[in-house]
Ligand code: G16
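Just one chain is shown here, as structure tokens, and it is the form predicted alone.
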């Protein structure tokens, strides 16, 4: 084996965020940049006896630089001593599929090459993260160790071998390490067939049910064609934008009402299909829209929890549910009625991992269009669509009817998120510090027509391993349960993103179904008044409202 030791030096700013390291493609293309981070992953997770006999899973969302990155990781994995790497054909694995493959083959872990919902192309973003043997994102103690190694790295190792042809399925050798190029869809589809009644879902489509699924030019296209059109018999053309490309065919693969406007407009039209859905760049997020009925992600989690028994995998009920702190409290009311626990965690799927592994929860989700269950350790866009289809098949009701009945039973949590993207980092920190300074004096004060009941910087005490995660978001909670939450996001690659989450509970059915921004108008104004976001950043309006 011809192992090269390559001299390098640290790069600033290689600290992983909530979902790994994300930077512009041009940053990753710098000599040694990606290799430094991969070497730091291996240093942080290497067992005492090394990687002998260990299997690594590798794949990404197919964005620009994905194939080049695959070859770098393969050659470094061989030099590190891995016995085998399972890599998706063409270097592609959706994030939920990667988690499924890690778990099915009891791999040591996986490297996922993705910047999720961020834009792609030569001028777009790239990302990388490590998932552990449970299939979930590395916990903070691992990401902290990775970062510490990036700060002191002086060299890394790589075998001097030819590239592996990952365009063809088969078994290859790279300096004694087995590289198995696998079908990117097969293992994931097999898992979905174990969770859901595909015969019942085929019957739904045979009854004349119509659907549109927007893959947004990203990774879920092949999965959607295989599952919805071929396995379930949905009509050809059900899948929109189903061919993945390095720049997502010009789409911004974030399944929200701004970037999936074509789908939204179709579902609001006179010619709307029964059901519409979308997923993001790496396949872990979802957007659900019924005919003339948008389903907010927080409400989607609540509806799935309330109706999960429609799928065979959850027929015996749920052990518990969890949501990220900024996600609305809609699922809390479902959990209360079901008599099961509901956990509130920081943002980041890794925080659900301990709860899932311990069997404390079955379903979990985030307001940023991510829902999932104990079948893997990632959020899962296709899975969420299949569970919605299972509910529609079992009830025979429309999405609109399901939502109206759900709100009549549990009340409606009006909810919105206002994102201020690519804000100057100093200005963003000034906004957060300004808010934080007020928190100790806010309790008991009157803001508009609302009285402040609590104000804090959210800290999470993990009930499984006892770890503590501080500084997870600034909360202002009012005495009627309404909330304003402020966070700096860790998923952007330029400047900082300030996210403001605004929520109001409405128990009066006569006040359900109002336009969201209008229903939240006073709280929106208060959120800007408290933060002084316009004065500090110069931003008059958010970049994106969801």
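Since the structure is predicted, the reported quantities are computational estimates derived from the model, not experimental observations. Numbering follows the first chain given and starts at 1.
The following text describes the form predicted in complex with this ligand, which does not appear among the structures shown.
In the predicted bound form, the one of 390, 368, 362, 416 near this ligand [non-hydrogen atom within 4.5 angstroms]: Contact residue from the list: 368.
Proximity to this ligand in the predicted bound form, single hit among 117, 333, 406, 375 (heavy atom within 4.5 Å): By the 4.5 Å heavy-atom cutoff, the listed residue in contact is 117.
Touches this ligand in the predicted bound form: residue 18 (any heavy atom, 4.5 Å): Result yes; residue 18 sits at the interface with this ligand in the predicted bound form.
4.5 Å heavy atom contact, residue 347 to this ligand in the predicted bound form: Yes, residue 347 sits close enough to this ligand in the predicted bound form that at least one of its heavy atoms falls within 4.5 Å.
Contact test in the predicted bound form: residue 501 vs this ligand, heavy atoms, 4.5 Å: Yes, residue 501 lies within 4.5 Å of this ligand in the predicted bound form.
Exercise: residue 487 in contact with this ligand in the predicted bound form, heavy atom 4.5 Å: Residue 487: yes, in contact with this ligand in the predicted bound form.
Candidate stretches 184-192, 347-355, 228-236, 97-105 - the one whose heavy atoms come within 4.5 Å of this ligand in the predicted bound form: In short, 347-355.
This ligand in the predicted bound form reached by all of 22, 280 and 284, non-hydrogen atom within 4.5 Å: Per the other structure, all of 22, 280 and 284 touch this ligand.
Neighbours of this ligand in the predicted bound form among 394-430 [non-hydrogen atom within 4.5 angstroms]: Nothing in this stretch is in contact.
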